[in-house]
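Just one chain is shown here, as structure tokens, and it is the form predicted alone.
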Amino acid sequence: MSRQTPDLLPAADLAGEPRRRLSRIWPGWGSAKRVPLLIIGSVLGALVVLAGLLAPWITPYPQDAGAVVHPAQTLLAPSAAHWFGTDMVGRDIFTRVIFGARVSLGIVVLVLVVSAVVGLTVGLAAGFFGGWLDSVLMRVTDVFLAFPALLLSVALAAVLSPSALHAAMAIAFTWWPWYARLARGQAASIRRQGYSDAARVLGASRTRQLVRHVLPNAATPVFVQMSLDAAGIILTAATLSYLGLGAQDPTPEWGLMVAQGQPLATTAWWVITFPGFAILLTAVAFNFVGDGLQTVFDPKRGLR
């Protein structure tokens, strides 16, 4: 008696199964895949992140990311031995650019996390509870918004000792008010919705309303804004390092490398070009991701 084998799925079903699983994990995948900017930005951003994570294994001279110098190899032009050339003390620029992704992305992550936590906390408290608390918190927020963010970051970084960590702290100190304003508007709008009143009538505590209903809806536009702000944070961190208020040598930070190579822009163009291109590429990638997410979550386009 022969055993019957189960029918195999058609090839078309097998091909579509990964897409169906991804759609179940992220319902917005169907909309996201129709936004070229989001796909391009995600690919570029992923390449930068992977380069930073794998820097010790994909760079030819990992020791050049530190204080090692090679006086006999200073300012060598790009070649097979040194793809991006060498700097003023003979360090391999390709190695330092790749390791610089770790520093720059680390600053971005730290600033976004701190700013989002502070901004969401202040904004949700102001928008959900309202009253005098809303007035006090928003007036404090307005004080920070009254000053240009870059100018305030420079002033704070000048008070602190120059380092990548202090530069991140200075940027985060000026970045949270934007998220507070955004979260406050969302929270105040959600508080007036019918389902919020229904939850209160059914006996839900204010904490439960805040966590279950207000926070998820208020966090979405904040996350989209964070993706847009990542490029601005990279440029601000590079500016602080360029002014000597951020990362210090031998830290391989892109803005610092541009500042060090500026006097050699006409004689050793590679010293300034490749770190500058890394800043440009990463900023463009994050801008593409932010614009793409904004399109996906834009209710006017019906792409939720």
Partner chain sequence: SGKAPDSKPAPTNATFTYINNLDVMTSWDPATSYSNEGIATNNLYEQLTRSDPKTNKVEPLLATKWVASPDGLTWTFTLRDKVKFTTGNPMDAAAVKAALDRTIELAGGGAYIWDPVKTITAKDPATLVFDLKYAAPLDLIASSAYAAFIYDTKAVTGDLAKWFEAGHAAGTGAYVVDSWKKGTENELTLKANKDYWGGWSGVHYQSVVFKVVPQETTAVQMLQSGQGSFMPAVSSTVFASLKGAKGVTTEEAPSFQNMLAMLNTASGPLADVNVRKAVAEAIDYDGIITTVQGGMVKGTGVVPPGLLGYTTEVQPTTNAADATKLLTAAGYGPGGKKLSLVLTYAAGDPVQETVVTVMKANLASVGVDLQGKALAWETQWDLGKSTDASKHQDIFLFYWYPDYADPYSWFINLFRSATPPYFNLSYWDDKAADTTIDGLQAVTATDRPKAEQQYVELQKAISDQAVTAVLGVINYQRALASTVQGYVDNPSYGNVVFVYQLTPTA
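Residue numbers count along the first chain shown, from 1. Because the structure is predicted, anything quoted here is derived from the model rather than measured.
Absent from the display: the form predicted together with its partner chain. The rest refers to it.
Proximity to its partner chain in the model of the complex, defined as a heavy atom within 4.5 Å, holds among L105, L137, V114, V89 only for V89. Contact here is defined as any heavy atom lying within 4.5 Å of its partner chain in the model of the complex, and by that definition not a single one of G45, F84 and V109 is a contact residue. At a distance threshold of 4.5 angstroms between non-hydrogen atoms, Q63 is out of contact with its partner chain in the model of the complex. Among residues of the shown chain, Q260 is one whose heavy atoms approach its partner chain to within 4.5 Å in the model of the complex. For T121, no non-hydrogen atom is located within 4.5 Å of its partner chain in the model of the complex, even though that partner is not displayed. Remark: A80 does not count among the residues lining its partner chain in the model of the complex, judged by a heavy atom distance of 4.5 Å or less. In the model of the complex, the residues of 56 to 83 lying within 4.5 Å of its partner chain by at least one heavy atom are, in order, A67, V68, V69, P71, A72, T74, L75.
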